[in-house]
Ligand SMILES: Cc1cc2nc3c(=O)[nH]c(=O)nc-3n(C[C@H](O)[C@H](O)[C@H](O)COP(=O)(O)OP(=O)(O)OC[C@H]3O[C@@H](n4cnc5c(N)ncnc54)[C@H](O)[C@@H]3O)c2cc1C
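Here you get one chain, nothing else, as structure tokens; it is the form predicted alone.
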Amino acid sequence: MTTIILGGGLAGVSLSAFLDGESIILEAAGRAGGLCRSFDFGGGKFDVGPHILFSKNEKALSELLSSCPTNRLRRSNRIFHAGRFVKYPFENELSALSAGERDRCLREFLDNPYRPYPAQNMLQFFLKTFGEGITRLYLQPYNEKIWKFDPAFMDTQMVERIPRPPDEDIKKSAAGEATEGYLHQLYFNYPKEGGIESVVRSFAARARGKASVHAPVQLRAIARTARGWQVDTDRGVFTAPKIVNCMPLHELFRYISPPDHVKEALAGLKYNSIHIIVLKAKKDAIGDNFAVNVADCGIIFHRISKLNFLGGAYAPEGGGSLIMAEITFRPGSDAASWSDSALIARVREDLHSTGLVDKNDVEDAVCRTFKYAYVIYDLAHKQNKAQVMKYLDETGIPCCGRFAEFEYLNMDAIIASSLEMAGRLKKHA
């Protein structure tokens, strides 16, 4: 049985590897990989954001780690707050704050008037779980910055799995005894070379001989036939008994015509785009840390990552550092129209103002922009997604992948989803 797979990101490529039968992958970009592509710069490589390999799902993690040789690394992430580093997550090192902020966070965590109330949105969850001090100082401004959306109008899907820290842990944190949070992420793996795209290439190699990848391809029409599906493209017409969508829903619906209520639901599904700026610098003040979150709204990026942390293959030629900055933006916003040179100049200035990288030490820089980066879980997300997926299920187009399922799926969750999809297709062969 042949399956047409629309989209050659991690979901589409891994699905082709897990399927028993033949598949045809149609990818719009010049090569497969999607958000798991890697790019050359400064003698190293960078990804679309700081990807890491970890999971509580043993099967998914095994698939990822067996795909290529990896380095095992101990997480060293920080939050840059008021000119100082605070251990991530924020509540695990309250002693790094000023005395006034430390005491406020401790007091409002222990004596929290929001605790008895049910949390019906993200902001309420933060207030209920962490109190007003931690919420107002870090959680609220950081989430406003990354999502470009008021957390009072986002649901709790992104945060409901975060446990409430025990009172004793918060007391220790305020007293100077740093604690660990999110222990399942304390250690992670990363490819020894080639960037995160090495994982995609490994799955593509597994599928070689039974999967054909066509890239770049421009779709023209998708139609159901008596024998299955027909996809008209600039590279010809492809037919197969089965089809799976692994590309963003907003792109898929350019080629199908749903009823008006489904169009309205699709229009209500919100997402952010992202600018990735990578700089080669002679030196930095980030230390032996990987990722640094910045909630300050006066700084354009929400996170920077020191790529040297990932291993020798990710350090620049001739020494120094590769620093990646991330800037999310809403499609159609002012930030969408910034030129690469303007973004690079602003990142240099903001790194300089924080003291993390002197702008005079920056030797080179590059900017890349990606349309689909983050799914936004606004209050209407579940309802809108349910309508869209119901229509696609009835139409016979199953979906697999972050923007195909319109869920914030990490790499392990994508592998789990493609394994499940392969199982479903095998049952109905």
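This is a predicted model, so every value here is computed, not measured. When you see a residue number, it is the position in the sequence shown, counting from 1.
Below, we turn to the form predicted in complex with the named molecule, even though it does not appear here.
- In the predicted complex, residue 51 approaches the named molecule with a heavy atom inside 4.5 Å.
- Interface residue remark: residue 94 is not counted as part of the site for the named molecule in the predicted complex, having no heavy atom within 4.5 Å.
- The closest heavy atom approach of residue 219 to the named molecule in the predicted complex falls within 4.5 Å.
- Using a 4.5 angstroms limit between non-hydrogen atoms, residue 247 touches the named molecule in the predicted complex.
- Of the candidates 356, 300, 274, 266, 274 is the one whose heavy atoms come within 4.5 Å of the named molecule in the predicted complex; the others do not.
- Contact with the named molecule in the predicted complex, judged by any heavy atom within 4.5 Å, is made by just one of 362, 373, 376, 392: 373.
- Just one listed stretch, out of 381 to 389, 22 to 30, 38 to 46, 65 to 73, contacts the named molecule in the predicted complex at the 4.5 Å heavy atom level, and that stretch is 22 to 30.
- Annotation for 405 to 422: interface residues with the named molecule in the predicted complex are 409, 410, 411, 412, 414 [heavy atom within 4.5 Å].
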